[in-house]
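Here you get one chain, nothing else, as structure tokens; it is the form predicted on its own.
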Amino acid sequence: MLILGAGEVRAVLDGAEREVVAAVDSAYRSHALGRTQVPQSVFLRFPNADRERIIALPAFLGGATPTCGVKWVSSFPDNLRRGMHRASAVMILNSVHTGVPEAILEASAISAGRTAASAALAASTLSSSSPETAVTLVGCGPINFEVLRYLQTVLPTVDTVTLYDLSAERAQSFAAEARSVWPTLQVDVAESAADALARHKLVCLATTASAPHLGTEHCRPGTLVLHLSLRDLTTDSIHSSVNIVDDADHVCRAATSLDLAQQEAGHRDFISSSLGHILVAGERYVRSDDAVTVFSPFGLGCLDLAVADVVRHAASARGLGTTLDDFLPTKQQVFA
């Protein structure tokens, strides 16, 4: 059993943005081609606690080196007031031949990297008719910081970022850190969500919202909204936009904005396509200049597997992690 802690996972992921995006790209294509198994995620919720949850995401990812496993990821927004991270996660990777668990990885960085790589891949795939030079980030937490890191990798023309967060202090802290990491990046903080949404034609929403609270009426025509937190946009905004998803069955549940829109409409005809099918088609996609395009990724477990597999193999090659040879019982112990 290989065990990789947070520091070891981060050591592998830092500077590996292009490799992670390539792994996520490949996983999306495999999913579109039916080479994955992604059961519905299981949500564990708690009495009298609407915002807290722990989610299990099991998956199988086929290909030259197939893998399977599960991510167990929690979201406790009140942790921020405790001086803790909102999310924590662990992954278990199993052998597809014996089912034996082979690796345990601290997965908060894997989850953040997968999310950011998915957003960056969507931004580069659902391209604008003119070069992207600026992005608005709504929600100034670790996910959007990773999104900014990955956008800097895949869209080097982006030289301006506008921030908005309900906490002005958090927005200013994010801005200071971004200026430190990318000294040439122009960073400013908007005074309102409406102002932020109107600034640029690339917008990323990564908040802890549990119910819709934003409309797209302030967005410019031709804007791409990376709707990572899934519950920010009103159903009217969903119905009036061009909607791209990762998987319609997964994203239209658990009270996401698309789930609520589906309940209102009685169908999901408002979904245009999936990112995986657009990638497999192989033709350049240019989003509409007249409408808002919304990318809503549920966050498929096969993407986490793809990133975790990159981490596992790179860590093993570098001699990172702790190997426990006696983690599993021997045959003699089982039948003793």
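Model, not experiment: these values are computed from the prediction. Note that residue numbering follows the sequence shown and begins at 1.
This next part talks about the form predicted together with a small molecule, which is not shown.
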property	result
Close approach of V90 to the small molecule in the model of the complex, 4.5 Å, heavy atom	no
Contact label in the model of the complex: R170 to the small molecule, heavy atom within 4.5 Å	yes
4.5 Å heavy atom contact, P58 to the small molecule in the model of the complex	no
Distance check, V96 to the small molecule in the model of the complex, heavy atom within 4.5 Å	no
Heavy atom within 4.5 Å of the small molecule in the model of the complex - the one residue of I238, A206, L126, I104 that qualifies	A206
Answer range among 96-104, 109-117, 178-186, 260-268 for contact with the small molecule, defined in the model of the complex as heavy atoms within 4.5 Å	109-117
Triplet V138, I143 and Y164 all within 4.5 Å of the small molecule in the model of the complex via a heavy atom	yes
